[in-house]
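Shown next as structure tokens: one chain only, the form predicted alone.
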């Protein structure tokens, strides 16, 4: 196989894996608990910048640069994202549906603008470069392949852990809260506490995804956490793949990112004046694909399975994730 083609495939798989992590985090919040989080980009940025500040070399341009190992940076990214999610959740989780979405997207923009303008902390619009990438001591080809395998391993660990958790009593309680919050509260469940737990868990996973992306590109800047990519695209991945199904979240990430990435190759080969216009075609294609899926399979490519029968939730007559109005 040609080296350029091999590296492109490796990059494609690595990015699809990173977005799978983000989609799995959103699936915990929306797919299993019905929390409409439109601020994914905020947790993505927090995780990325936290790891970048802790793992890069010292510099007089900004605070940080502690040169810590990458695993510690990723762990700190998860902890920081979880702490911020706790603070946001204490305020915003009293809101419902679209009001929660407005609240979370507003806070995410606040986080993004703070990171963009506080140069003493994040180097402002210039961002932070020179992040260490795991396996950088190897040749470039081997380094990227090893990182791709690491990403696949992380996705597998998160998938297995979430499957165990969702099939445990905690997961059944989350689905009960999603479907019938009042009934769950009447049975003595602490609904507010459980919703906060799901919100924090999803944010922790998103923070890890942000840290992984930053170390893969060796750079993090304000444009890296663009809501178009880090929020909208992740929502499309989950809806298309199948909300409430972890395998669907991963499949959606792979399909959408493959389309997003391959169309970029063709637009870059066009003349400059056409390439700028053609870039919007990528958004159109993703939207068109989503419309077809919503019309033909509103529950997604891989619908949420009924935990007893193994059939899709909609086929079994239950309400789709986040729709408490149906029996």
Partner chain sequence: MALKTVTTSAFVAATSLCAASAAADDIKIGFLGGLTGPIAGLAPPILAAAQLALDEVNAAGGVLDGMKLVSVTGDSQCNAQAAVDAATKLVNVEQVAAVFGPMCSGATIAAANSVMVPSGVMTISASATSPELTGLDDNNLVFRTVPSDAYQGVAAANYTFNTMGVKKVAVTYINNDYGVGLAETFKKTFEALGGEVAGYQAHEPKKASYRSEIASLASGGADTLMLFAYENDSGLTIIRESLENGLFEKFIGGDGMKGDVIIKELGAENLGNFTVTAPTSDHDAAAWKTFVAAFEKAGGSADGVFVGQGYDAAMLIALAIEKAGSADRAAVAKAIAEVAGAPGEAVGPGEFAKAKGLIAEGKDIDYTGATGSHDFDEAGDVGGLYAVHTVKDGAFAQVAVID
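Positions refer to the first chain, counted from 1. Since the structure is predicted, the reported quantities are computational estimates derived from the model, not experimental observations.
Note that the form predicted in complex with its partner chain isn't included here; everything after this is about it.
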{"query": "Touches its partner chain in the predicted bound form: residue 226 (any heavy atom, 4.5 Å)", "finding": "yes"}
{"query": "Close approach of residue 217 to its partner chain in the predicted bound form, 4.5 Å, heavy atom", "finding": "yes"}
{"query": "4.5 angstroms heavy atom contact with its partner chain in the predicted bound form for residue 94", "finding": "no"}
{"query": "Distance check, residue 113 to its partner chain in the predicted bound form, heavy atom within 4.5 Å", "finding": "yes"}
{"query": "All of 107, 247 and 291 within 4.5 Å of its partner chain in the predicted bound form, heavy atom check", "finding": "no"}
{"query": "Segment assignment from 181-189, 120-128, 159-167, 84-92: heavy atom within 4.5 Å of its partner chain in the predicted bound form", "finding": "120-128"}
{"query": "Residues from 35-64 in contact with its partner chain (non-hydrogen atom within 4.5 Å) in the predicted bound form", "finding": "44"}
